[in-house]
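We begin with a single chain expressed as structure tokens, specifically the form predicted on its own.
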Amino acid sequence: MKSHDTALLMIDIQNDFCPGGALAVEGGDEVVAAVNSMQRDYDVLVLTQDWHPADHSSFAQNHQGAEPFSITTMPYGDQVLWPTHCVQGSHGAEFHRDLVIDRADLIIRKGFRSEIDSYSAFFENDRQTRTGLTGYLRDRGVKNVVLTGLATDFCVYYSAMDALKSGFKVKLITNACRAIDMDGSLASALDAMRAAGVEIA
């Protein structure tokens, strides 16, 4: 039986986050089958898509002498400098070819402003600029969100925490997520989500 007040959020299941991609998450493609099978259980289906311009400020190549995965300071705080990934219109920005996208009600594109990164499905990294997802879900009568996708310790984590702040109950499905796990970031993210009230399933 479908859940009418629960949304399935499918975070950034894109080529650049899957094996062979510019910012590959180990086993990233392994979430596709699980996510596809879950879609039948929900009335509200939302995809997110990293959608960066080539001059994006979070790309290491746009900072002279900077190495990928180093940290810089932006007006909104610390920012990891990433390898160039999910550039608008590129193959890397496309959804994984086996991901079912036709059932989705909404695709939220994030990170399209050059000057600010966006991990969360709800807010950009300044924690002020909204994506519009909260209002959409409220208008659809959604009270709960279920999170899947990539990567557990970055975009999924920030989406989960912001969903809580926005007043939704949140569940994370671990077998439908994969992590980057930089310096223990997966364990830290899971601990923080549990402590905040995310159900880990």
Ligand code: VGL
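Everything numeric in this text was worked out from a predicted model, so none of it was measured. One-based numbering along the sequence shown.
Same protein, other form: the form predicted in complex with the named molecule, not shown, and the subject of what follows.
By the 4.5 Å heavy atom rule, the three marked residues Ala121, Arg127 and Asp162 all fail to count as contacting the named molecule in the predicted bound form. Contact annotation: the named molecule lies within 4.5 Å of heavy atoms from the stretch 153-161 in the predicted bound form, the single such stretch among 135-143, 35-43, 167-175, 153-161. When contacts are judged by a 4.5 Å heavy atom cut-off, Ile180 counts as touching the named molecule in the predicted bound form. Although the partner is absent here, Leu23 is a contact residue: one of its heavy atoms lies within 4.5 angstroms of the named molecule in the predicted bound form. Heavy atoms of Asp12 reach within 4.5 Å of the named molecule in the predicted bound form, making it an interface residue. Residues of 38-63 placing a heavy atom within 4.5 Å of the named molecule in the predicted bound form, in sequence order: Asp50, His52.
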